[in-house]
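The data below hold one chain only, encoded as C-alpha cells and taken in the form predicted on its own.
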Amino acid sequence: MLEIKNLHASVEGKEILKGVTLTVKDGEVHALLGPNGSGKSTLSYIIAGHPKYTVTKGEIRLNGKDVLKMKPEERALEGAFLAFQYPMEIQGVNVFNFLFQMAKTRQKKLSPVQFRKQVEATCVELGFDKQFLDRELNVGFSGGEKKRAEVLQLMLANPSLAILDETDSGLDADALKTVAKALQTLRKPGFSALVITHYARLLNYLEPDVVHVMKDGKVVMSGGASIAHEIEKHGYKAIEAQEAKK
C-alpha cells in the first residue's frame, strides 16, 4: 500500500528527514512514535504533498504509483487522506457543505439529499450531534470537536491510506475510543493507516500491526506494540539504550 525508501527531505534548507524507510502493507495499521522534532509530522506532510517541504532523495509509492510525481489533489484522489494535527478553520463553509464538495470529487452526480442522510447516519454511528454539520468548519470548535470533524471526514472519504497526525492529542478517553472505532470500522483489505502519536493509550484501543520509532529524521526501530508500552513506561531513553547495544 505505502512504500517509502531512503527518503530525505528539507524545509528552508534544513534537512529534516535523513533516510526514512517504511513499508505499510495492504490492510495493516502502523503506529509511528518519536520525540518532538524527530520528523513525524514532516513525513505526513510530504506524503500528502505539502509544498513547503523539498524532497532531495528517495521515493514514495502509493498502490505502486510514484507519489512524488503527483499534485496534492492527485494524491488524495489516489486514496491518501491526512488528518491534520492542527486542523484549519474555514469561515463561511459549514461542515456538511465541505463534506459534500469532498464527496463530489469522486461522485459527480451525487445527490445532496441522499448524501445528507448518509452523513447523518455516520454522525449517529460516531455519537455526534447532527447539528454539528451546520456549523462553520472548525470555527469556534474545541480541540476535541476539530478532531471529531477530522474523523467524520475520514469515515466519509473511505481512503485507501489514512495518515493520522496526532489525532489523539488532547482527547479524553471517550473521544479516543471514537477515533479507534472509526479506524477499526475501516480496517479491511484495501485500507491501511499510519497513525502518528506520542502516546500508547490510543494503541491500547487500536492494536496496531507494527510500531515504528523515529529519531533524528530516521526510523530507528520497528516491532510489536510492546515497543509503545516500553516507551510509555520508561520514555525514549529505553529505546536509546537498546540502540546503543546494537
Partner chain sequence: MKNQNERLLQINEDYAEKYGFHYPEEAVHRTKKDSGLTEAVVREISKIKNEPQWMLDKRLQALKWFEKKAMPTWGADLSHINFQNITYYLKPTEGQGRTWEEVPENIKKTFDRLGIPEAEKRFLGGVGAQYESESVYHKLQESLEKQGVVFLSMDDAVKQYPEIVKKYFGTIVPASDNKFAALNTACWSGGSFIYVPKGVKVTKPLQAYFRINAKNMGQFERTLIITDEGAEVFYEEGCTAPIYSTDSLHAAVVELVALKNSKLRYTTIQNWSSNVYNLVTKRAHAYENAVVEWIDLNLGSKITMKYPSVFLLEPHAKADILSIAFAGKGQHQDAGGKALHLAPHTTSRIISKSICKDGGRTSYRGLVEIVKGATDTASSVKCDALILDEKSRSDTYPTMKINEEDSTISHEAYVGKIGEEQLFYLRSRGFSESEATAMIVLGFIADVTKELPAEYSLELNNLIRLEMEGGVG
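Positions refer to the first chain, counted from 1. The structure displayed is predicted, hence computed values, not measured ones.
Below, we turn to the form predicted together with its partner chain, even though it does not appear here.
- Mapping the unseen interface onto this chain, E73 counts among the residues with a heavy atom inside 4.5 Å of its partner chain in the predicted complex.
- Using a 4.5 angstroms threshold between heavy atoms, A48 counts as touching its partner chain in the predicted complex.
- Although the partner is absent here, K52 lies within 4.5 Å of its partner chain in the predicted complex, judged by heavy atoms.
- At the 4.5 Å threshold, heavy atoms of F115 stay clear of its partner chain in the predicted complex, well away from it.
- Contact with its partner chain in the predicted complex, defined as a heavy atom within 4.5 Å, holds for exactly one of S142, T105, S111, Q131, namely T105.
- Along 126-161, these residues reach a heavy atom to within 4.5 Å of its partner chain in the predicted complex: L137, N138, E150, Q153.
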